[in-house]
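One chain comes next, on its own, written as structure tokens: the form predicted alone.
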Amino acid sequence: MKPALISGMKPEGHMHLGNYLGALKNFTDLQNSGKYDCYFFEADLHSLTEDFSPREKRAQVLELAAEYLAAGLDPKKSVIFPQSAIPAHTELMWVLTTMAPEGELRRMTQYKDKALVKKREVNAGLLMYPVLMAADILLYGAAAVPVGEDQLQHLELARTLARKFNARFGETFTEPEGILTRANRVMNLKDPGKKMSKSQPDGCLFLDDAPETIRKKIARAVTDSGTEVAYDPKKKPGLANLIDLYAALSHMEPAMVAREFAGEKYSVLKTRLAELVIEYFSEFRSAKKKLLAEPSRIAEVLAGGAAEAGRIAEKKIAEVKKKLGLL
């Protein structure tokens, strides 16, 4: 029996290149490695901590599922489902909440950062976010969780809560191990000091951008003073960002890319990068468009995944309730 692996993404609108290189590409690589029983969910409950309209949320859930499938996640190889379809996620979250120290939740780096950005009272969902994440992981006996460095603190909380429950009520949960994904920090094309974000669409490459839009955005990307193509993230952050993108999509190291374009103008690198992005996501754009035209097909995949995930989750939450002395 293979170890279980679980991860998810929030449905929040068009996926950009940073989302793909930071998470979705790793999902497909791990699925296709054949080493794990994979569970990939839409973290739609997590996404409720941000402003939304019901109509918008439904569209986002369908779109993320289409992006999962278009990028190569296969319902024959992985269980793909929406988090909200499995009541056991929030049931287990409450159980774990009773064991989670409030002070530790307030010290979570991401919570503190968001509280500073909002500069006003934040909703309690942002505070409890890591406990729901722990429930997402522990329900399925996940031995492996692909995470970036910014999620390690949350993963450690899941491990701590698993140990606490096991010590008090008997062996129930697997302590998950993190699979550190390659950083692939994709920076804003207009401001290389900030991560790529949909809040600044002119500096953000969306996976389904039209070819001409991709060419214009990359052509207008900030580079640096000088004319030499060299990889130096500190002195030439704008140029380094473009080189990093080229390297990630061509399976090359940044230094190799810099050597390939040595002696060329920045415009040559930009032109080649634009064509690489266009070609790399050509099939993705076509597949996503076709999937969104058949929402019933997407719904069928999600319903099938939810049924399979639900069987496992219900068995685990029943075990938890029994150990707690609940009827």
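So that there is no doubt, residue numbering starts at 1 and follows the sequence shown. Whichever C-alpha set is largest while still superposing within 1.5 Å between the two forms counts as the rigid core. Keep in mind it's a predicted model, so treat the numbers as computed, not measured.
What comes next is about the form predicted in complex with a small molecule, which does not appear here.
Undergrad: Taking 4.5 angstroms as the cut-off for heavy atoms, does residue 148 touch the small molecule in the predicted complex?
TA: Residue 148: contacts the small molecule in the predicted complex.
Undergrad: Against the small molecule in the predicted complex, would residue 305 count as a contact residue? Criterion: heavy atoms within 4.5 Å.
TA: No, residue 305 stays farther than 4.5 Å from the small molecule in the predicted complex.
Undergrad: Please determine whether residue 221 contacts the small molecule in the predicted complex, using a 4.5 Å cut-off between heavy atoms.
TA: No, residue 221 is distant from the partner.
Undergrad: Considering only heavy atoms, tell me if residue 185 and the small molecule come within 4.5 Å of each other in the predicted complex.
TA: Residue-level check for residue 185: yes, a contact with the small molecule.
Undergrad: Out of 77, 195, 216, 164, which one falls within 4.5 Å of the small molecule in the predicted complex, going by heavy atoms?
TA: Of the candidates 77, 195, 216, 164, 195 is the one lying within 4.5 Å of the small molecule in the predicted complex.
Undergrad: Are 243, 252 and 259 jointly within 4.5 Å of the small molecule in the predicted complex, each by at least one heavy atom?
TA: No: none of 243, 252 and 259 comes within 4.5 Å of the small molecule in the predicted complex.
Undergrad: Spot the stretch among 53-61, 294-302, 22-30, 263-271 with residues whose non-hydrogen atoms come within 4.5 Å of the small molecule in the predicted complex.
TA: The contacting stretch here is 22-30.
Undergrad: Would you say whether residue 241 is displaced between this form and the one not shown, judging by a C-alpha shift of 2 Å or more on the superposed rigid core?
TA: After core superposition, the displacement of the residue 241 C-alpha between this form and the one not shown reaches the 2 Å mark, so yes.
Undergrad: Once everything's superposed on the core, is residue 206 shifted 2 Å or more at the Cα between this form and the one not shown?
TA: Comparing the forms between this form and the one not shown, which are aligned on their rigid core, residue 206 does shift its C-alpha by 2 Å or more.
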